[in-house]
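Just the one chain here, laid out as structure tokens, in the form predicted alone.
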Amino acid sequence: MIHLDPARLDAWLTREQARYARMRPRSRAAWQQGQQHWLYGAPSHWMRRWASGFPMQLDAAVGARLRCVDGIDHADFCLGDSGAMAGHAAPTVTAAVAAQLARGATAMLPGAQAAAVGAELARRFRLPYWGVTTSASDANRAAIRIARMVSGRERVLVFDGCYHGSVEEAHVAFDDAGRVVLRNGIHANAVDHARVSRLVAFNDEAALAAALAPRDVACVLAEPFMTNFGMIAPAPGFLDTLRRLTRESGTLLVIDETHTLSSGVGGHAAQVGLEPDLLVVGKSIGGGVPVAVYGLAEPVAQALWAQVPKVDPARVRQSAHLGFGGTLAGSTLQVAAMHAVLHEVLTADAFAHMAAQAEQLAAGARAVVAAHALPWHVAQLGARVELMFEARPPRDAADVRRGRNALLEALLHVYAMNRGVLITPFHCMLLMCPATGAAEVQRFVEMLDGFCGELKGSVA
């Protein structure tokens, strides 16, 4: 075990932030200008989350590289927090979107490519029926609403440390005393979480069984491999137990593959043989165009149709609203983008390349960590890698919290940006895209080696 001096780390972070500011005067000026009219200085409050003090302003992003307005080139392993898993400005996606824009972006009518996209979603993810939204948050909300409609139940069970977008039921976490609280200071928004949410630690089979035993849970909403709080692998047999217990209790299983699509063509569920009742995939399948999809197994679709029958246009003038979707959901622009991503970009060959690059990066990172005798480990899931500041892989979110060092994370993020490497700002997770190559991997490994070498000088 090493003991890091927080005062030295803080001083080092201050120096790196000052260096960052000196290198990016145009970004800083644009950020200051943004304070005048944007609620949190930029179009999205997420954009203020960078530990550098202010975000870079984007000039251009192509493939696996990103250039800020100050002309600095970065190897991009953030990739829009998975939104650009297909790579920035993928040529086939750009051409498809531009061509569709020229023919009309949205018309409340299906386009010629809709049938092919639906068939490809069914083939990849092994569920027969699909719907489109504009975000994974909306897709998860649709899945929850459907689960409640067909089950007659109200509660949603989620795992501690989860993140499923702006889904209200998932905004809960355990505090240090084991109490269920709202995570990250989120406002309750007039939602009675004690009534509609139930929380369990990931990999805790006994707690899961007890939580489902009352048979009052409409659905379990879960990643099949937790990524959004720190990468937490399912323990051997846990997913099988999750599937068995949900079936025994009449609870639907909703799997959110928004991040775990990095596992491969059909996401993690397909890789491990998990059979969800509903499945959500967000952002990455649009190549940058806002889109997400939700899929339903045959029994769930039949149960939904029993309540809201398929419309016969000759007899019914207007279909039911259902309470989800929107006028831009399923637009011809979204479908054109998905068609290009699914058929031409995120192919089996592309995923094999992405996983190979992730394996090289993970191996290089592990070699650096070992060479500097640091008690850290490196996790990998297909095209996704994470550096974690604990020697052992975490079993649940409590393990992640014990191993987290927010100051060290912030320092690594700013240090990396100052050396032309961009990683996801929330923890130390990296993602490969089809354009990621040896040069980007080597840049990260060299940066990490330099960081670890300098870190040894901050050991108390």
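Quick caveat, the model's predicted, so the values are computed rather than measured. Note that residue numbering follows the sequence shown and begins at 1.
Absent from the display: the form predicted together with a small molecule. The rest refers to it.
- In the predicted complex, Glu223 approaches the small molecule with a heavy atom inside 4.5 Å.
- Within 4.5 Å of any heavy atom of the small molecule in the predicted complex lies no heavy atom of Gln113.
- Proximity of Tyr163 to the small molecule in the predicted complex: non-hydrogen atoms within 4.5 Å are present.
- For Asp81, a non-hydrogen atom is located within 4.5 Å of the small molecule in the predicted complex, even though that partner is not displayed.
- Only one of the listed residues (Ala136, Ala96, Leu242, Val156) places a non-hydrogen atom within 4.5 angstroms of the small molecule in the predicted complex, and that residue is Ala136.
- When the small molecule is considered in the predicted complex, only one residue from Asn228, Gln380, Asn203, Gln100 comes within 4.5 Å through any heavy atom, namely Asn228.
- Of the stretches 193-201, 252-260, 338-346, 297-305, only 252-260 has residues with a heavy atom within 4.5 Å of the small molecule in the predicted complex.
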